[in-house]
Ligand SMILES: NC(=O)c1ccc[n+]([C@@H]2O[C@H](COP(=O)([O-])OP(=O)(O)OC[C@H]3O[C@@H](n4cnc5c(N)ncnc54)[C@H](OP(=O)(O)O)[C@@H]3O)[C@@H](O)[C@H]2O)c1
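Just the one chain here, the form predicted alone, laid out as structure tokens.
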Amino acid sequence: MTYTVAVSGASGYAGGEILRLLASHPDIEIRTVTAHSNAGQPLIEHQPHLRSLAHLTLQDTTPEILAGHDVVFLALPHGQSGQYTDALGDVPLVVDAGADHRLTSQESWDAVYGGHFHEPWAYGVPELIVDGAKQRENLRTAKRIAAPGCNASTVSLSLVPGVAAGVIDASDIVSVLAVGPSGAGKSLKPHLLGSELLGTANPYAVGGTHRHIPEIQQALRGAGAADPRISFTPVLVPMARGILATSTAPIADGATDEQIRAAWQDAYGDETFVQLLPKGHFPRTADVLGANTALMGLAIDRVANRVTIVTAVDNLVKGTAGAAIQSMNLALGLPEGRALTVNGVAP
């Protein structure tokens, strides 16, 4: 069976990455692409790397144009998806790459986003441990999927195995991330200009103000943390794509080195797209460029009594579009890895 797909926000980074991955999906026909200010223009003018989709023209983003497809992907700015999802009740599967349906707490939504609160959807991180099982089981029957925030899913995947196994203390987590600016979208913003980024590293949303913190806390609670607290500091660095997240947490009383490493090995040993590297090895963002993989290295620091997890992802693939398509595959009953690769691009 071939499924027809519409992608909104198709002129942006997330929409373009969804299209790049779907273009090689054997079960998908990309029928419609939409945008706002760029409507009426050829897709190829905004995504010149998508040569196989040069025949498509960007249409207006309206519920009427998005309806009538088997799958709709929404790659819109935060706060804009809800107005469409409410009107797409007849679409069998909708995947939202924005934040509108990620959070289960209205209080958290009001604190970091504001505006109308929409119902939470199935969270699109299949490998995440939720209530003792993998989230993929919830995605197999999902009709509405909320793709994750790239920073949030990277940190959550890094820490959840230790929380679920009880080998780390989730009340004192510190995460510092080196982040490529593509995660901030394609809209023109002065602080994201090349002249502002090249040759420097720029911290932002410092001191507990980043919007992804409640999303991380939600994932940690799902793994069993009673009161997760995290100091979260992202730093923009001059690479177009990528996240390198370094997260540390205190070792739980009595946890041995063997139990600590076993927690992550047991969680991800059979996973294709989340891989724990051998002891003493740590990933680079270059290793995951273009791939749907999260690679992580783990160190046990007995002097500081903390566990350190370093995780690398491509923010546009495993962080966003790849997670969305992996979740779509599960919901459609297709092989989970269809059209996704573990192989990066080098050099």
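For every residue, the number given is its place in the sequence shown, counted from 1. Quick caveat: nothing in here was measured; it's all calculated off a predicted structure.
Another form, the form predicted together with the named molecule, is not on view; read the next lines as being about it.
So in the predicted complex, does any heavy atom of residue 78 sit within 4.5 Å of the named molecule?
Flag for residue 78 set to yes.
Spell out, yes or no, whether the shortest heavy atom distance between residue 186 and the named molecule in the predicted complex is within 4.5 Å.
Because a heavy atom of residue 186 falls inside 4.5 Å of the named molecule in the predicted complex, the answer is yes.
Please run the contact check for residue 101 against the named molecule in the predicted complex: heavy atoms, 4.5 angstroms, yes or no?
Looking in the predicted complex, residue contacts with the named molecule do not include residue 101, since no heavy atom lies within 4.5 Å.
Test of understanding: in the predicted complex, would residue 32 fall inside 4.5 Å of the named molecule by heavy atoms?
No, residue 32 stays farther than 4.5 Å from the named molecule in the predicted complex.
I need the one stretch from 311 to 319, 275 to 283, 23 to 31, 49 to 57 whose residues put non-hydrogen atoms within 4.5 angstroms of the named molecule in the predicted complex.
The contacting stretch here is 311 to 319.
Given that the named molecule is left out here, which of 245, 163, 249, 97 has a heavy atom within 4.5 Å of it in the predicted complex?
Contact residue from the list: 97.
Sole residue of 84, 121, 268, 109 within 4.5 Å of the named molecule in the predicted complex, by heavy atom:
The residue in contact is 84.
Is it true that 210, 234 and 296, all three, sit within 4.5 Å of the named molecule in the predicted complex, judged by heavy atoms?
No residue of the spot touches the named molecule in the predicted complex.
Listed by sequence position, which residues of 5 to 38 have a non-hydrogen atom within 4.5 angstroms of the named molecule in the predicted complex?
9, 10, 11, 12, 13, 14, 15, 35, 36, 37, 38 sit within 4.5 Å of the partner.
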